[in-house]
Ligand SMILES: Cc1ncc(COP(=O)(O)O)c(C=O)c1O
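Below sits a lone chain in structure tokens, taken as the form predicted on its own.
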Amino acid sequence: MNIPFSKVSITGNESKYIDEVLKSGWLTTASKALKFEQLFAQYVGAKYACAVNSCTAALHLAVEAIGIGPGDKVLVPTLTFTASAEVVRYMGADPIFIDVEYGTGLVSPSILKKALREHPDVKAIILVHYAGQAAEMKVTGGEGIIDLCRKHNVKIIEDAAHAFPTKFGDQFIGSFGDITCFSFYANKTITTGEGGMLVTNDEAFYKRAKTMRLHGINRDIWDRFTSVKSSWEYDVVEPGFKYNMPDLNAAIGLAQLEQAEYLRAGRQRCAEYYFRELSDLIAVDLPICYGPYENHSWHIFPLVICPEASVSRNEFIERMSNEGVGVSVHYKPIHRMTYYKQAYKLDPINYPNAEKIWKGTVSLPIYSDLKEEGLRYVCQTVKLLLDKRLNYFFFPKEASRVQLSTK
């Protein structure tokens, strides 16, 4: 079989909405982007949303909007994609890397409390909701991440690239911190091809982000060219960026948003299959889900191959590929990246949980169109590679023994 790591589901109104944009004669940012913003904000329970061309753009606008500047310090988990840290450097500020929990890959309140004690002068945290699960935003009878940040006057930027639609308790991620940033890259839980969204309940942050996303111009450019009452006159009030989302992308996003829960439920089905079939594997740690499955968006399903396994992580990836199963790694920690390691003299010993995850982590295929036959093949291949006692595996439907190749 051939099971890709990721596959986009385009089964809704994507073609219809794209056709509407093409017929309108206006392909860049316009009414579809505005509608996408409005509906997305309603979905997550935020007052304002600003559509942009990537989650990196949203994160950049976020750190700029809250006033991060040269010499400031921002907490960033080391287990994340480089964008979470690089936007801090864009502003001349310094990321302070912190460890994560083993099992969830999340920054916990206890990890955050320790970081705030050691770095009392930090201005903000970029909090990553890893794999589709929310960090512990609130704690009954204790201090959650929101409480700790408010207590220490630390702004919260949530990197929710993995986390739509994700809930903590009965609230969607996007309604907690000062600013939340989402990704709609091609392999994300919903996609616009390329794109992102910044959401906030703070009007000042929203207005700043909206101005800065398009060259610092003080009015919507599409309105200047389409409104019968418009004028050529506009002003540049800040040296902004080119981060707007075109309507062609927003059209896809609108269709994907309509199916967001359906797509999430499909990924949950895959996750439940993996938990059921792989839970007895020796020398493999499955991800920990500490809340209801329905609150998790299941963007990735990362397992950790322990040192005592019969194959190494890298050997496992190669063999899975040879058997037609696409897998990936999330992530090589930032403290291992050359630039940050050298610039900030980072030592892996200071990030024991991220190190343990990194040395064995591999993400299995998980997407709504992955059927039971494919899930069965993935699990049987995983079991054979990680259990020395097995020489073959069995397909019930096909009633045949399939020998694993020795490549």
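In this text, residue numbers run from 1 along the sequence as written. This structure is a prediction, so every number in the text was calculated from the model and none was measured.
Just so you know, the form predicted together with the ligand exists too; it's not on screen, but the next bit is about it.
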property	result
Check all three, Q268, F275 and R376, heavy atom within 4.5 Å of the ligand in the predicted bound form	no
is_contact(I68, the ligand) in the predicted bound form, heavy atom dist at most 4.5 Å	no
Contact test in the predicted bound form: T29 vs the ligand, heavy atoms, 4.5 Å	no
D159 within 4.5 Å of the ligand in the predicted bound form, heavy atoms	yes
Partner proximity in the predicted bound form: G195 to the ligand, non-hydrogen atom cutoff 4.5 Å	yes
Residue (of R264, R313, K188, K123) lying close to the ligand in the predicted bound form, criterion heavy atoms within 4.5 Å	K188
Selected contact from N353, S363, S368, S54, since only one has a non-hydrogen atom within 4.5 angstroms of the ligand in the predicted bound form	S54
Which of 82 to 90, 204 to 212, 244 to 252, 305 to 313 sits within 4.5 Å of the ligand in the predicted bound form, heavy atom basis	82 to 90
The ligand in the predicted bound form - contacting residues of 112 to 146, heavy atom within 4.5 Å	V128
